[in-house]
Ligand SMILES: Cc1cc2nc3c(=O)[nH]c(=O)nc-3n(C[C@H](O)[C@H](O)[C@H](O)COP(=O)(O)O)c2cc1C
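Below, in structure tokens: the form predicted alone, a single chain.
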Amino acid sequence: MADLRIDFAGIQSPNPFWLASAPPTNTGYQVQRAFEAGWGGAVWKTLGEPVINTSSRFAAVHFGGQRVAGFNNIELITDRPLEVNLKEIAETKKRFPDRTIIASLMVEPKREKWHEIVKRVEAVGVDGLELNFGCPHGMAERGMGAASGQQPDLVQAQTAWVKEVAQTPVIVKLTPNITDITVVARHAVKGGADAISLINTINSLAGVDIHSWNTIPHVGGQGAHGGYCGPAVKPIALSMVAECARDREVGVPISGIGGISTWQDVVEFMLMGSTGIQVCTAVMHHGFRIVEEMIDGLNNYLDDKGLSSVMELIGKSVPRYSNWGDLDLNYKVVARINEEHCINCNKCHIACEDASHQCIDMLTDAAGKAILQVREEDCVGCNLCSIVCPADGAIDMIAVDTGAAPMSWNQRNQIISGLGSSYSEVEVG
């Protein structure tokens, strides 16, 4: 089997599977159970001055028969005394010395507060620190969490304060509730961050009960926005990871977070630049033992690819992620319908007719059988028909040779600019 060990900013871990700072890492009992199941590391539920959490606090979005397609919470950091958490961290590290324990921290944006908590946490033997600049609810009005994470200068300053005393690697956890996540990532690095983790949860309201008119969840008839996570946020998280991974001014290891539920998700995040990953919602839905299937799946995948180490995956797809303006406008794919697999549900025709480019015709063959046929000269290769098709293998998207040389929008504009303004409408390609 391939080697699943990772080196994350100098932190050694037996595998890339870490639990994110969240309810599953609230106690030593839970983290130890997770390590027994096979998790390589855990980011302890955020430490700071204990808070009082609300009841109720969780909600979920179910979609298309799938439970917990998205998950919403208004829970805050630990509600247990720091001394209790530190005692359990020390006990857990002693029992599992080969596993990674990262302390998630959140305090007021004051140098002395950061210095104090860093020294106390590192004294019990953690392998690293994760600065929680991402919590979008509850702590924001106190100047913490996303309230800090949305201010690049404050992220840089607080990271620098931590680095003044930290003896272990410092990971900065980024909020997605911002216009450009790379701006904050760069400032974290300027402050001395050894790594970044992303994404934290997204501002959200899970829903409204149309009978009682209460928000979901509600606390005595009142609600507030919470943090959204789970499978529904994976595309957002993957994009933000990719943006940071390809940014030369960031250039530090990434711990990927957001909707990771399967070994396939893990592979995607690592290909897009994550050295390791963190999981929360999938564990809350299915329990700690999901890591067994994730480990087996990743091992088999690496064997199939002929890779000896999981570290060989990291960032392999990053060069394939670019700006829209650099995409080849002369590349063309068209849809082709395979009659032997088509079940004649007509969903592709309806979708194309009502929401795309009206290039799928309903015809009758020589035997009088109804068939669907794509007019390839009018097909723009949008993929919609293949997306809505419920029959595997019924529609393929086929690359066709246009005979034209590759030409991006940026290249086109450069050529037009060189020709002069009088040729601004010229067709190039």
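The first residue of the shown sequence is 1; numbering continues from there. Source: prediction; values computed, not measured.
Below, we refer to the form predicted together with this ligand, which is not included among the displayed structures.
Comment: this ligand is not present in this chain, but in the predicted complex one of Glu88, Asp265, Asp247, Glu75 has a heavy atom within 4.5 Å of it, namely Glu75.
This chain lacks the partner; the member of Leu313, Leu238, Val279, Val107 within 4.5 angstroms of this ligand in the predicted complex by a non-hydrogen atom is Val279.
In the predicted complex, this ligand lies farther than 4.5 Å from every heavy atom of Pro253. Proximity of Ile171 to this ligand in the predicted complex falls outside the 4.5 Å heavy atom cutoff. Contact annotation for Phe58: at least one heavy atom lies within 4.5 Å of this ligand in the predicted complex. Contact annotation for Trp114: none of its heavy atoms lies within 4.5 Å of this ligand in the predicted complex. You can rule out all but one of 34 to 42, 66 to 74, 394 to 402, 361 to 369: in the predicted complex, only 66 to 74 has residues with a heavy atom within 4.5 Å of this ligand. Taking this ligand as it sits in the predicted complex, the stretch 253 to 273 comes within 4.5 angstroms of it through a non-hydrogen atom at Ile257, Gly258, Gly259, Ile260.
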